[in-house]
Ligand SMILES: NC(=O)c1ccc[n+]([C@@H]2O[C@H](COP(=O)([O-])OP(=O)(O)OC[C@H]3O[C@@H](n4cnc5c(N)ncnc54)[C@H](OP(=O)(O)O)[C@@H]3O)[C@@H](O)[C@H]2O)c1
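A lone chain, given as structure tokens: the form predicted on its own.
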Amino acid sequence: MKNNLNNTRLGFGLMRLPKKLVRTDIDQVSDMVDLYMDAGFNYFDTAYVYPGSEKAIKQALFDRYPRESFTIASKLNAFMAPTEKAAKNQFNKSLERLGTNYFDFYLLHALMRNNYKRYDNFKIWDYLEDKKAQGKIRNLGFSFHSDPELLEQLLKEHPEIDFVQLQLNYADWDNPSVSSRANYEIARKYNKPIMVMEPIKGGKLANPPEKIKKLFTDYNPEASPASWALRFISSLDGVYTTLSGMSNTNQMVDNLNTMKNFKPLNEDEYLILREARKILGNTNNIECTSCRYCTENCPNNIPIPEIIKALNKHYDGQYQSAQEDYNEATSNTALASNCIECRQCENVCTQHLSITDYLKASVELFEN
């Protein structure tokens, strides 16, 4: 790949930036950028559809550091675009938002069974290859949320791709709905550098069940749960960078402590994570990562991730807290009962969740 910057082990994912009320907290983002850059890291990952992300990182990074001192990745999301023209316009709009004339890394965003043909129909592959030939893209890849058979098909059809971005974490390693291990093995088969998203599963692995926390602290009381998740991914061969969607300065400091002095997992630690996977397999936890793609076009603006978070609390036996969370999440917006079962949320869900069924369950538990 074309990249002269060396330290890319930890990537700064920009999907879940800190907020001050409803706006991105630029001051805190700037502090996080400074900590990250001072530690010698340089890979920033955003997307056209991450609300406010590109504009925020322009202020916190592009306006404050030399362009050659960092790398930026962004993405084109065809399945959320109404027309081919609108999809292709995302590329130029992202350049404008960031105030740059090229991307170090650029991706076709979130390819899945139910949307990948849209990228073909809109001629996005050829469009981005042309942008690469013009020097506006240095490395072209795609992010992926589907099965290994489709991944292999895409890599066969598009050998020009420089890298792939996969959802990999210890919890999903053998999860058939995510196929982390199988997708990883396909990428390695085709010798593609791997960017990893959701290594901490939207923050869920930073706060795992108590049984798992005890496993970790009994072995190493100084290591955070998030550090176990990051080290699992960064110990894999072929991983170019591990993206962490850090939402505050404390998370940044914890991740930097892990990755600045990175140590691969040893045999005992792999066994502990295998036990952690067994524990996770015995929970009723709904595997939502709060990416919020489901809320983009919800006709009734239902706060789906917040409702699922409350539902998980209920399944975990925190009944009063779950009801309070549900009441707060829906106090100024729609209820779960406002769902009209259009299923647009399920069509874009990267975790392939039966969201409509979960909303029905929430009506029974929290509204009746």
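Everything quoted here is computed from the prediction, not taken from an experiment. Throughout, we count residues from 1 along the sequence that is shown.
Absent from the display: the form predicted together with this ligand. The rest refers to it.
- Though this ligand is absent from this view, in the predicted complex it lies within 4.5 Å of a heavy atom of just one residue from Leu128, Ile186, Leu243, Ile212, which is Leu243.
- This chain lacks the partner; the member of Phe62, Tyr50, Tyr36, Phe70 within 4.5 angstroms of this ligand in the predicted complex by a non-hydrogen atom is Tyr50.
- Heavy atoms within 4.5 Å of this ligand in the predicted complex belong, among the stretches 232-240, 90-98, 154-162, 139-147, to residues of 139-147.
- Although the partner is absent here, Pro199 lies within 4.5 Å of this ligand in the predicted complex, judged by heavy atoms.
- At the 4.5 Å threshold, heavy atoms of Pro193 stay clear of this ligand in the predicted complex, well away from it.
- Within this chain, Ser179 is remote from the site of this ligand in the predicted complex, having no heavy atom within 4.5 Å.
- Contact between Ala206 and this ligand in the predicted complex is found at the 4.5 Å heavy atom cutoff.
- In the predicted complex, this ligand lies within 4.5 angstroms of a heavy atom of only one residue of 56-86, namely Lys75.
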